[in-house]
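Single chain ahead, by itself, as structure tokens, in the form predicted on its own.
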């Protein structure tokens, strides 16, 4: 397929704000495309969701590629970028002027774009930066009208065409089951109708389930093309990470029991980070909640899993907690968070900040277990786990039948320095990626929010060299858009040795810059912070319709991806809880 054809689809998707129209456009496209490379590119990706590899190209390097491709000066490029407010649009204008003066130009194919970008991600060794610049510049030099814009946006992982997970799922269902069950879209009325709603809904559930288990849009599209039977009984694959099951916050123990029922499994909620442990024979791979491979950073965990988990093919859900090597007491998350990103001196850091792995669920053991009730999954987990004090253990669990029993366990959890309790439905399956009431968390304070940084403003006075006010956003799960909810400037330190500093955040965000206007920049949403606040208020000042009153950064969440931040639904629920009711 010519890249220009794909760009035409991008333009149509970007040109409408109507979710139904986007779904119709993408569904028609999916009907006629089976090439894996094209199916990844339409999502703005060159790796499937489960693959932790990234392009790793900052805007600064892209500017160099535009310079090589067009011959324009850095000053000219940055000037056009500032004027357009979008590096993709700037590249398109500059490449367009160069192309007009070129008599012969090889038309780009999707395969060429995909292959070059894959090479960019996989390059290693001496001279890697120059080689990355050349690969991107080669694409830009051959780009036709509109193509440079989307090449740049794909590299920045900021396609801006409004394809959320919900739209992609619905497009797959429309494409392959719409005609079968009488689904139709009226473009004039922007309405969607289905003749056989129950059967269509069942097909949609199969697609969603396959997406949850495989975490791979391309494979689900290929299966859906074969029909419903190909979507049934999809197995998990060890060494391929899946989305973890998420838990909403209950108001208190009584509310938790109302949601999950009795008897309920009450487990300590540890102040650590989520770790998904995969084993297939001799190979063990560790993934964070954001599906980042951190195997190299935790050789101690790999070692204890190899010796103390008695199953050759397994996927386990766990919480890793820092342990004080002297007192043996749990440490706050911040003490071990630096291990997630560390590439050197791993052994030294592991000795300084040892960890304990608290295993609490199992998704796979020789076969998928996610449809098995939780109480039975816990039995399997107990059978294969040989506990080692201070290194590996089953998450502490107590069965409770009454509020009074739950309150006692809750009090004990807090006394021992934990964040609170997890309360779980013992008959529930494991549902990747969903907050479905199969389990809830109970904490003594207003739930914090995890937000993505989408912009920032330069400071003044002694903070003039740093970004000092950070625009934060929550996620709309349907559209995939980030909705602003406030600005954070407190909870951040001036000295790095005291904690997360303005200097550190500035260094993290500048390579992600996509726009700059006056004192304010916009960035790719990749940096995630946890914030607390005094209150959530209705507000027209931000696109979410809400504003955080006195927000304060609690900590950076390096184990979170931007696609996992709190949603607008979470905000509505928390705002409703403030008023004594749930929305």
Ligand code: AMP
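Computed from a predicted structure; not experimentally measured. Residue numbers count along the first chain shown, from 1.
The following text describes the form predicted together with adenosine monophosphate, which does not appear among the structures shown.
When adenosine monophosphate is considered in the predicted bound form, residue 219 lies well away from it, no heavy atom lying within 4.5 Å. Although the partner is absent here, residue 560 lies within 4.5 Å of adenosine monophosphate in the predicted bound form, judged by heavy atoms. Heavy atoms of residue 212 never reach within 4.5 Å of adenosine monophosphate in the predicted bound form, leaving it off the interface. Interface membership of residue 395, defined by any non-hydrogen atom within 4.5 Å of adenosine monophosphate in the predicted bound form, is confirmed.
Stretch 420-428 is the contacting one of 348-356, 324-332, 67-75, 420-428, since its residues have non-hydrogen atoms within 4.5 Å of adenosine monophosphate in the predicted bound form. Of the candidates 274, 243, 279, 339, 274 is the one whose heavy atoms come within 4.5 Å of adenosine monophosphate in the predicted bound form; the others do not. Between adenosine monophosphate and the residues 487, 376, 180, 441, the one pair within 4.5 Å by heavy atoms in the predicted bound form involves 441.
Of the residues in 269-295, those that come within 4.5 Å of adenosine monophosphate in the predicted bound form through at least one heavy atom are, in sequence order, 269, 270, 274, 289.
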